[in-house]
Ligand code: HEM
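Next up: a single chain in structure tokens, the form predicted on its own.
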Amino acid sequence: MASAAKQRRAQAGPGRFSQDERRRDSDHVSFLKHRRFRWLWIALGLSAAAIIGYALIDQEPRPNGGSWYGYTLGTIGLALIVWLSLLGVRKRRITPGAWSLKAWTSAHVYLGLALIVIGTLHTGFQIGWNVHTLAYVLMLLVIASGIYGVIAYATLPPALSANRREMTRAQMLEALGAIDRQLEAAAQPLGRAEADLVIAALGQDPFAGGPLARLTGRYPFCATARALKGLDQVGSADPGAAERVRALLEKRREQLAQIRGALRIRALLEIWLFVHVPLTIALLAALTAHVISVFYYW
């Protein structure tokens, strides 16, 4: 394999890499750094041009959404929003090249941030209780939820990998099942009160708790934690058996923490989409009303 790679580099010439090697190298680059931050520089250039244009125009009152410059920025902003909303469609088409999914995602992030400048200058800093301001506020909310998504995907996957400790979800559940089988056998010599605590722990769904518990990682009604606390309060006729059960319950609590930790991280990775997508749809609807009302009263 190594010799084949050397041959390809030799054929490509000094200081050059084959197309396959360049493609493999680009696969390891984050979408934020795609093509050496190409779309960041484009977004910064677009934002700078909008700011300079707004500052240099000698017009009183200052340009707003109803001025020629406001219409120009509004048209650019509308085109960007419609194009950026097509990322979901692009994700369903797997194609390489200049408009690969990585390139489109990079453009989506940086041009989306540029909309803060373009949209704000389009308003001319005129805010009111109307459909125009509604569209502007929805745009800012969509961008804010997108920023959360970028941060989440940049920081949470390593935490998810560390939490799993090279275990798949099926393996984590299998480990929990093995502990439960040991608990069933170890709890046989216990008294009724102690056995009921263990039975309650084994009978509880490890995923119970609802969306809030999954997002926060807090399970106040965890039967396993309650069983551990109860064993310390209930006297046992067989201290040795009780100690073995306590050790297994501790292992069960640790395994539950691993499973619930993985669920929490995945929920934090996915929850923003349940905000970002509906807000985007609402933004497109508000923009439609905004454009229709502008041309109706024009």
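Residues carry their position along the shown sequence, with the first being 1. Source: prediction; values computed, not measured.
The same protein also exists as the form predicted together with the named molecule; that form is not shown, yet it is the one meant from here on.
*Any of the heavy atoms of Ile147 lying within 4.5 Å of the named molecule in the model of the complex?*
Because a heavy atom of Ile147 falls inside 4.5 Å of the named molecule in the model of the complex, the answer is yes.
*Contact between Gly88 and the named molecule in the model of the complex at 4.5 Å, heavy atoms?*
Contact check for Gly88: yes, within 4.5 Å of the named molecule in the model of the complex.
*in the model of the complex, does Tyr69 have a heavy atom within 4.5 Å of the named molecule?*
The answer is no: Tyr69 has no heavy atom within 4.5 Å of the named molecule.
*Heavy atom to heavy atom, is Leu84 within 4.5 Å of the named molecule in the model of the complex?*
So Leu84 counts as contacting the named molecule.
*Quick one: of Leu113, Ile76, Ile199, Leu160, which gets a non-hydrogen atom within 4.5 angstroms of the named molecule in the model of the complex?*
Contact with the named molecule in the model of the complex is made by Leu113 alone.
*Out of Thr120, Thr105, Gln204, Gln182, which one falls within 4.5 Å of the named molecule in the model of the complex, going by heavy atoms?*
After the contact test, the surviving option is Thr105.
*Partner-facing stretch of 173-181, 134-142, 221-229, 120-128, counted where any non-hydrogen atom is within 4.5 angstroms of the named molecule in the model of the complex*: Only one stretch qualifies here: 134-142.
*Since the partner is left out here, which residues of 258-272 would have a heavy atom within 4.5 Å of the named molecule in the model of the complex?*
Residue within 4.5 Å: Trp272 only.
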